[in-house]
Structure formats: structure tokens, C-alpha cells
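Below, in C-alpha cells: the form predicted on its own, a single chain.
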């Protein structure tokens, strides 16, 4: 006969709890503390109060990074919320050969973000495939500066994010569509509703909670984007460094032996606040609709 002991559950969760405390909670607390100092990598630094936060008010690079991150989120959010749903509706049908399209749409997800960004960089270069074909076909008289113009570089990175994320969110929607009642679709069809009307009246309400989850994931990822912009700009942040994201700016200030860890920590706290904002807004919106 076995006897249950009160500490058995605590022993089971102890490894995960220790991991969270050591690698999540303590670094987060240390980041907040460092944000009130002028710490350097080779020195402890001194307490300077809100000095790092007041410095943000005069940092033009921070303004550009905030604009880039917000634009990134505002464009990625509707595209990666609606397009994967349309793909999921199409590929969930049981047709011959549909598995090929499911695999094709999901393949970009498993590809390395760095490798994909490098390939896109070659395609979008002034002498790359896209500019070369457009000039040969007579659509352009000269190459478009996809990688050297501030906004074209930003939109190129956004298109890369959307292309790579379609398959991932499509799979999430496919699992949600399996829970939408077929009887509702059949009843709507009997009442004369066409495919478009059934999509908006039956499918969308049926996956509303999944859409909220995906919206939160997209918002967080878009505000924390790094690889796409970093690779496409060759680490420079675009012309004049105006295409940097918040994460790139944090890396810029925090790297090297002379890095400003205090200011980089303050930027990290700002990034956390900016990331939490859309999550709270979407949660409140969902609560009102419920």
C-alpha cells in the first residue's frame, strides 16, 4: 500500500520552478534594477534614478524604433490573423492532393529564419532576381531600393514575416475549425446562406477565441521582431539606422565591453510595457464581446 506524502507534488514541480526562478524571474528583476543605474559590462554602475528613462525622451533612434515596431504590428496583425484562416478553410477540405498544399504552406515555418532572410536578401538586392526580372520585362527602368530605402526595407521584412508565419497560424486554425459544428453550416446552407455568408456567420464566430490567441501571439512577435530586420539590413538597421526594432536597439546599446547596460535595461522594461499593452487591450476587448 502506498502512502501519499504532502511534499510529493512539490518535488515534481521543483525542477520547473527552479528553472523559472533562475532563468526568468531573477533576470527580470535584475533588469529592472539595472535600469535605474549607469551600469557597464565591466562595472557595477551607480544609481541614477530615472536618468535612463528621461534619456528616452530625447532619443530619436528610440522614436524610430517605436514607429517601426508599431507599424510592423499594425500590418502583421490583420494579415496574419485573416490570411491563415482563409488558407485553413481551403486546405481542410478532403480533396485529392490537398496534402501537398498543406505541406507546401507549412514548409516555410520549419525553415530557419536566418536562412530565409538571407535568401530574401539575395532576391531583393539591387542586382537580385526580382529587380533583374522586372528590368528585363520592362516594368522598371532601374532597381527598386528594397534594402536601402527605409520604408521599402521595413515592408520587405514585414512580407517575409507574413510569408513565413502563414503556415504556422494555419495549423492552429485548422485545429480550431475541427470544433466548429457541421450542423450549423448545414442549417445555414438550408436557410440559403452562401459560402461567404457562412464564413462570416458560422466559421468566424466559431474560431473567435482562436483568433484572439493568434492576435496576441502576432502582436508580441511583431513588437519583438529582430532576425528579419537584422539580416535584411546586414545588421546596420537600414539607412541611418532608422529601420531598427526595439530589440535591435537594445542589442546596440547593450553589446560590447563599453555597452550601456543601464540604458539597455531601461529599453527592455519599455519593450515589456509596450508588449503587454496590446495583450491587455485584446483581453479587454474579448471580455466585452463575451
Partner chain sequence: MARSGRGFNTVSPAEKVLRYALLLVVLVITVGPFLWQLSTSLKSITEDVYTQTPSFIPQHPTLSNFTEVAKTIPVWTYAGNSLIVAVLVVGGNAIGATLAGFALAKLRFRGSKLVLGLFLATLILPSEVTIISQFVIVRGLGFADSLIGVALPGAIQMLNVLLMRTAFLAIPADVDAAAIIDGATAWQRLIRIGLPNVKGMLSVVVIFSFIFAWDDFLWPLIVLTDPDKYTLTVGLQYLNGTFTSNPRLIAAGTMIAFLPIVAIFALLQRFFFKGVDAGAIKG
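Values in this document were obtained by computation on a predicted structure and should not be read as measured data. Numbering follows the first chain given and starts at 1. Think of the rigid core as the biggest set of C-alphas that the two forms share within 1.5 Å after superposition.
One more form of this protein should be noted, the form predicted in complex with its partner chain, which is absent from this view; the next part is about it.
For the chain shown alone, residue 224 is a contact residue for its partner chain in the model of the complex, at least one non-hydrogen atom being within 4.5 angstroms. Within 4.5 Å of any heavy atom of its partner chain in the model of the complex lies no heavy atom of residue 211. With a 4.5 Å cutoff on heavy atoms, residue 61 does not count as touching its partner chain in the model of the complex; it lies far away.
Within this chain, residue 132 lines the site of its partner chain in the model of the complex, having a heavy atom no more than 4.5 Å away.
By the 4.5 Å heavy atom rule, the three marked residues 50, 56 and 206 all fail to count as contacting its partner chain in the model of the complex.
In the model of the complex, 217, 224, 226, 227, 230, 231, 234 are the residues of 215-235 with at least one heavy atom within 4.5 Å of its partner chain, listed from first to last. Residue 100: CA moves 2 Å or more between the shown form and the other one after rigid-core fitting. After superposing the rigid core, the Cα of residue 279 is displaced by 2 Å or more between the shown form and the other one.
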